[in-house]
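We begin with a single chain expressed as structure tokens, specifically the form predicted on its own.
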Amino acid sequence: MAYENLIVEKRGPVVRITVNRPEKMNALNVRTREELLAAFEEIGADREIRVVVITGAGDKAFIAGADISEFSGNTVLEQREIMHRSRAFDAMEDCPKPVIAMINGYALGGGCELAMACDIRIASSKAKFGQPEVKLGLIPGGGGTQRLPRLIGESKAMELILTGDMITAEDALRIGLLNQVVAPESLEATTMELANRIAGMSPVALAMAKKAVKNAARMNLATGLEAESDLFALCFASEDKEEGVRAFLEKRKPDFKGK
């Protein structure tokens, strides 16, 4: 589809998605959510893409939240239909390719929720995070009440959601919301270096590993361990597994094909 609010750039095996609404601090409106959903459907089917990086346009905001102007006047049923129709964050989480959030500024409300739907989060030291919905008489509606406790624990998640407080990137790193915090001028280089390093792995193994880790939050331990064993065994059906083992024995770099 033609994107109005996204810039999608393929850089070898890495695709970079930029939410491009800088005049709105990259706030997520319905159109942007629909475009994200469509983009991830295309990415999931593109064998050339191995890793996804998502960021926001400009240097102020990653995504400042939902576009609040769209909330005014909606009925309960209208808003519920909108929320269930545009499940872009679920598509990101379920995408078989690893997804890295490159957080260049404010990540509030829906922006923080989008980041949490990614697999890895790298932030500029000037980034800020929060779930301020309670200050509008609302609650997080894009996964914040579910993903945040799984990342940082129930007690701290409860504090952030009930107060609506904004925290710094360093605080977000300390509580486990982020993987790395870097200087603003190093953000792109650090993120792309990691993305390309991951892209050098077997796409089959990456998809299996991502699914296995996601299962940890969705299954009890016994069921998760059983699923892990099955996913491990499935890797033996791939040409990548044969190439990886052969390259190890021959002391060379493997050439994975994603088959």
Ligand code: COA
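Residue numbers run from 1 along the displayed sequence. Since the structure is predicted, the reported quantities are computational estimates derived from the model, not experimental observations.
Beyond what is shown, the protein has a form predicted together with the named molecule; the following relates to that form.
What stretch, of 146-154, 108-116, 91-99, 171-179, brings heavy atoms to within 4.5 Å of the named molecule in the predicted bound form?
Every other range fails; the passing one is 108-116.
Given that the partner is absent here, does Pro203 sit within 4.5 Å of the named molecule in the predicted bound form, heavy atoms only?
Pro203: no, not in contact with the named molecule in the predicted bound form.
Should Ile120 be counted as a contact of the named molecule in the predicted bound form, where contact means heavy atoms within 4.5 Å?
Ile120: no, not in contact with the named molecule in the predicted bound form.
Flag Met166 as yes or no: does it have a non-hydrogen atom within 4.5 angstroms of any non-hydrogen atom of the named molecule in the predicted bound form?
Yes, contact at 4.5 Å.
Please determine whether Asp67 contacts the named molecule in the predicted bound form, using a 4.5 Å cut-off between heavy atoms.
Looking in the predicted bound form, residue contacts with the named molecule include Asp67, since a heavy atom lies within 4.5 Å.
Selected contact from Arg197, Arg218, Lys211, Lys60, since only one has a non-hydrogen atom within 4.5 angstroms of the named molecule in the predicted bound form
So the residue touching the named molecule in the predicted bound form, by this definition, is Lys60.
Consider the chain as shown here, without its partner, and state which of Ala27, Val53, Ile43, Leu36 has a heavy atom within 4.5 Å of the named molecule in the predicted bound form.
By the 4.5 Å criterion, the partner-contacting residue is Ala27.
Pick out the residues of 125-145 whose heavy atoms come within 4.5 Å of the named molecule in the predicted bound form.
Contacts from 125-145: Pro132, Glu133, Leu136.
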